[in-house]
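This document starts with one chain, in the form predicted on its own, laid out as structure tokens.
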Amino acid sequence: MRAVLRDVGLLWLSFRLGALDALQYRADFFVQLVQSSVGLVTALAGVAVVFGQTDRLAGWSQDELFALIGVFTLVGGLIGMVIRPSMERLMEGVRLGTLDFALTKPADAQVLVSIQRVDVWRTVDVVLGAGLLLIAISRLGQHIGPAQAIAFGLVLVAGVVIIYSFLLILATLAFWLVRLENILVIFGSMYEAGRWPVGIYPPWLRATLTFIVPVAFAITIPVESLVGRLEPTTLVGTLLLAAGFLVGSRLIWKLGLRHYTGASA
């Protein structure tokens, strides 16, 4: 418990430092607000166009897709706020040898590198996504009970853990490979496909977004649990997969550290 509280404290400290840094460039807030708002409106307009021609899309209603876009925006905000910038700095630290600064501190190095950079203005995405999700839930309120809400919370957390672990594994490849600058860009492109349910895609792309780049576990599956469409076996499987990803990423991180020479070597 003490370790968890310490990690939360470190995250809060990183957030405060990120906020102090961001406040030096306050115009970036308005740029992010406009960019996020345009992206959200564009996504909603796409859904409106589709449902102007049909009442259901692969079994999904319009309000369910609004919830999906809300989760897509919320999770994307969390990724862009903490996970992705920290992983980019991790790869840079391995390449330049500056990872030494994290390894010599009296705290878990994996925790430090995972929260070492916070892009505070990406909280705009988190707030917009959460707001849209709440609106969609209110429109779906008669279909959502406590069981669905609890399942949604569990699967959403599991999905974020899976994405974090997946990106940590990708970033850890920097211990062995030199040129990895574009690998997170490729992930970002694959993540964009998550703004639609994976069930609408061809089988090969559906399998890719589920088993190779696990976007479905962070977006589609949480919303399926929210509307009561998720099978209990899928729920349990998602939780087990999250635990497996977390353990696997930890092992790969430890293995990568053995191959790190650092600037002092």
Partner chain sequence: MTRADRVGGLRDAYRAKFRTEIALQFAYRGALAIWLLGLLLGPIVYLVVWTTVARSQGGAVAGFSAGDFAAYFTVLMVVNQLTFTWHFYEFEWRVRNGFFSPLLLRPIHPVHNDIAENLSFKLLTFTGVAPVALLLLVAFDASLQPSAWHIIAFVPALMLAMALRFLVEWTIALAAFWLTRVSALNQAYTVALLFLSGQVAPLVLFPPAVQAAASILPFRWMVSFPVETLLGQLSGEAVLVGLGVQIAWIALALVMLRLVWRLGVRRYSAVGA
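Positions refer to the first chain, counted from 1. This one's a predicted model, so the numbers in the text were calculated from it and none came from an experiment.
If you look for the form predicted in complex with the partner chain, you will not find it shown, but the lines that follow are about it.
Tell me, which of Leu78, Leu112, Ala193, Leu132 has a heavy atom within 4.5 angstroms of the partner chain in the model of the complex?
Filtering the options by heavy-atom distance leaves Ala193.
For the chain seen here without its partner, which of 104 to 112, 165 to 173, 80 to 88, 182 to 190 has a heavy atom within 4.5 Å of the partner chain in the model of the complex?
Only one stretch passes the 4.5 Å heavy-atom test: 182 to 190.
Mark Tyr201 yes when one of its heavy atoms lies within 4.5 Å of a heavy atom of the partner chain in the model of the complex, and no otherwise.
Yes.
Is there a non-hydrogen atom of Pro214 within 4.5 angstroms of a non-hydrogen atom of the partner chain in the model of the complex?
It does not: once the partner chain is placed as it appears in the model of the complex, Pro214 has no heavy atom within 4.5 Å of it.
Contact with the partner chain in the model of the complex for Thr234, defined as at least one heavy atom pair within 4.5 Å: yes or no?
Thr234: no contact with the partner chain in the model of the complex.
May I ask you to check whether Gly46 falls inside a 4.5 Å heavy atom distance of the partner chain in the model of the complex?
Answer yes; at least one heavy atom of Gly46 falls within 4.5 Å of the partner chain in the model of the complex.
Taking only heavy atoms into account, state which residues of 30 to 47 are within 4.5 Å of the partner chain in the model of the complex, ordered by sequence.
The stretch touches the partner through Val31, Val34, Gln35, Val38, Gly39, Thr42, Ala45, Gly46.
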